[in-house]
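Have a look below at one chain only, the form predicted alone, in structure tokens format.
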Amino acid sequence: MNAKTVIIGLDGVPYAMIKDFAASGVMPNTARLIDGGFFSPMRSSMPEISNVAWSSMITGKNPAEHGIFGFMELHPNSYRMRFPNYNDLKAPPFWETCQGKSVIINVPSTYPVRGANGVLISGFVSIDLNKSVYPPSLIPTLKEFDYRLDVDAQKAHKSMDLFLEDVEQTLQARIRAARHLWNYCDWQTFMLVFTGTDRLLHFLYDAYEDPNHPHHAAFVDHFRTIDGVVGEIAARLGESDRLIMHSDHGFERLDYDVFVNHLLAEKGYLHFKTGQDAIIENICFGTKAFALDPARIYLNYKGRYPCGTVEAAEAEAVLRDLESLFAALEIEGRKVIRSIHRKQDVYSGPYMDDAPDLLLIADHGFNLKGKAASDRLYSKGIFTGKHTYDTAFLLAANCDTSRLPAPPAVSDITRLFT
């Protein structure tokens, strides 16, 4: 009998947090897996956002191979925004190429679903349950389970207690669905992703850091519940079966959101039409560069964009000026940008033309945002946690890890089972 593979995703959870909860007794089942397996920090995608990272994980490819570079993209030859989805993924996910049936639950950026050999329930950002489930015959059962496609994050802006209640209900419904689907078919690969972790880390990272925080216990209990599921699954696996746990990016404390397009406009690299809102759709002539979320910098090439300004011959000079600008950026005496990367140093593949010219990685405490309509360089919102590039985690039990680089990246995970 072929070895089965189970993958448990914990969206956004950093290596140090898993290590902490395993050592402190919050996650004893995970601790046992760590003791007998491979446990390492892991690099995310660039940028370190969920739709790019999960697309890289499920395909084993980088964005220039699978075509997903961010949450928002521009329509060709325009500044009009579009939201890429599962139909835009240009490399096949592992469940379309591996042998046997798969049960895939709540993987981000798999909406709208398409036919699969087994089960596919899409994750963030899913809008309509009827377009989120394959086979559709499962929809009535999921409704009976009170299955939710995602946490209602808007509740956190009204009441953190209501938000936490919704997080718990969403988690329990996800667990009910996973238990049911475990026996739904004779699967070869079973994948279950928990995304409530990311929501908690955004809104309540401070609750993790502070044991006296009024929501610290609820935060910890969420991970204790997940660990119970980990133990339940581990107990069902055979001696030769593989168990993989991982996150898609890490998290850390957030001090300030930094608006990259505000800086570009302030320094004369970005211009908007007179009397129009300061949004990407209203870029005008004279613009040399603009940012798409979170910190993807695109040169405004002549011939590529309606108001293109930059000639190919001057691109190198503009890139150097931008690198100097970002490298020198400080807020309250602190360095904002940790590293600056050119696209050829990050990506390789047939979709390089769609890649940003520069990618920025923020230093500790800073969250980079491409938002243009801001009257200030930085601010502090409701979030207390932000994504990180190199603090994700990978835990592999009963796997051959010899093919993994050190440290591994999210796009390397499929090497463990394909």
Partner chain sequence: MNRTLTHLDKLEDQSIFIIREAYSQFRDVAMLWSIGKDSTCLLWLMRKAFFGNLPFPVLHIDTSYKFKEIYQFRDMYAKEWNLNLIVARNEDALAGGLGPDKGKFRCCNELKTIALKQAIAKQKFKALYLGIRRDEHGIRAKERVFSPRDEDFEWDYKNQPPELWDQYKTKAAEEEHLRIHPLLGWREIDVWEYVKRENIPVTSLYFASKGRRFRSIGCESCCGPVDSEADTIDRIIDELRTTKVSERSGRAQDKESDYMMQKLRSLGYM
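Here the structure is a predicted model, which is why all the values come from computation and not from measurement. Residue numbers count along the first chain shown, from 1.
The following text describes the form predicted together with its partner chain, which does not appear among the structures shown.
J.: Quick one: of 137, 99, 77, 344, which gets a non-hydrogen atom within 4.5 angstroms of its partner chain in the predicted complex?
T.: Among 137, 99, 77, 344, a heavy atom within 4.5 Å of its partner chain in the predicted complex occurs only for 77.
J.: Pick from 128, 330, 239, 311: which residue has any heavy atom within 4.5 angstroms of its partner chain in the predicted complex?
T.: Exactly one residue meets the criterion: 128.
J.: Can any non-hydrogen atom of residue 279 be found within 4.5 angstroms of its partner chain in the predicted complex?
T.: Yes - in the predicted complex, heavy atoms of residue 279 and its partner chain come within 4.5 Å of each other.
J.: Is residue 145 one of the residues lying within 4.5 Å of its partner chain in the predicted complex, judged by heavy atom distances?
T.: Looking in the predicted complex, residue contacts with its partner chain do not include residue 145, since no heavy atom lies within 4.5 Å.
J.: Taking its partner chain as it sits in the predicted complex, is residue 161 near enough to touch it, meaning that at least one heavy atom pair lies within 4.5 angstroms?
T.: Taking the distances in the predicted complex, the answer for residue 161 is no, it never comes within 4.5 Å of its partner chain.
J.: Would you check, heavy atoms only and a 4.5 Å threshold, whether residue 220 touches its partner chain in the predicted complex?
T.: No, residue 220 stays farther than 4.5 Å from its partner chain in the predicted complex.
J.: Looking at 68 to 76, 101 to 109, 222 to 230, 180 to 188, which lies within 4.5 angstroms of its partner chain in the predicted complex, counting heavy atoms?
T.: Heavy atoms within 4.5 Å of its partner chain in the predicted complex occur in 68 to 76.
J.: Does anything in 302 to 324 come within 4.5 Å of its partner chain in the predicted complex by heavy atoms, and if so which residues, in order?
T.: Residues within 4.5 Å: 303, 306, 307.
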